[in-house]
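One chain comes next, on its own, written out as C-alpha cells in the form predicted alone.
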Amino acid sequence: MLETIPQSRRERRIAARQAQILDAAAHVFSQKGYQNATTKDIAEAADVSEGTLYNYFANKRDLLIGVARAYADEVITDMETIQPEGYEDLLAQFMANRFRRGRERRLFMVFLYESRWNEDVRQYYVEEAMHHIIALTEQHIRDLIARGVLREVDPAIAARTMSATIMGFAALFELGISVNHGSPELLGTQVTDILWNGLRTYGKNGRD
C-alpha cells in the first residue's frame, strides 16, 4: 500500500528529507552496487552528514529496503493509472515510462547480480519489490479479464510476461545491445502492440 500523504509541516519535512536520502541511495547503489556503496557515499550524494542520515535510516540495509519500496510504489502508481478505457494507449505509456528510466535499469542489473549471494538484496529487492509488483499486475489482469477487456489467459503467466519484457529490455539496454526504437514512447507503443495483438495475422485481410 502507498503511504498516506503527510499532513503536518514536520511530517512533510521528514518525508522530503527521507526522499532526498533515498534518491541519493538509489543513485549510489546504481553506480557502485550494494556491496561497495557506503553510508558515507550516500550521505555525500544527499548533501547531508552521516549523522543526519542515521536520524532517518538505521543502516545500509534500511536504505536498501527504502529504495526497493520506493521503486515498487513508483511502478504501482504508474500501474494504477491504467484503466480499462483506453487500456492499450495507457499500457504503452506505462511501458514508455519504464523504458526511459536509466537509473532504474541500472538498479535492476545491480540487484539482479547481487541477489544471487546477498540475502539482504534478495529479500528486500526481489521479495519486497518484484514479487509485490508481479502480484499486483496479476490481480490487475484478473480484473480486466472479469470486465471483458482482456481475453481468458492465465493471469500469472501474463503478469510475468509483462514483467519479463520490461526487465529483458532493461538488460539489453545496460548490456549495450541497441534497439532502434527512436524514443521510449515509440518503443512502448511497439512492445504494447506485440503484447496486445500478438504476432500472427487473422485471415487473408489481416486481423478480424
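Position 1 is the first residue in the sequence shown; the rest follow in order. As the structure is a computational prediction, the values presented were derived from the model and not from experiment.
What comes next is about the form predicted in complex with the DNA, which does not appear here.
Comparing 54-62, 136-144, 149-157, 170-178 against the DNA in the predicted complex, the single stretch with non-hydrogen atoms within 4.5 angstroms of it is 54-62. The shortest heavy atom separation between E50 and the DNA in the predicted complex is within 4.5 Å.
Contact check for R10: a heavy atom falls within 4.5 Å of the DNA in the predicted complex. Looking at T165, you'd find every heavy atom of it more than 4.5 angstroms from the DNA in the predicted complex. Mapping the unseen interface onto this chain, A26 falls outside it, with no heavy atom inside 4.5 Å of the DNA in the predicted complex. The partner is not shown here, but in the predicted complex the stretch 17-36 reaches within 4.5 angstroms of the DNA through a heavy atom at R17 alone.
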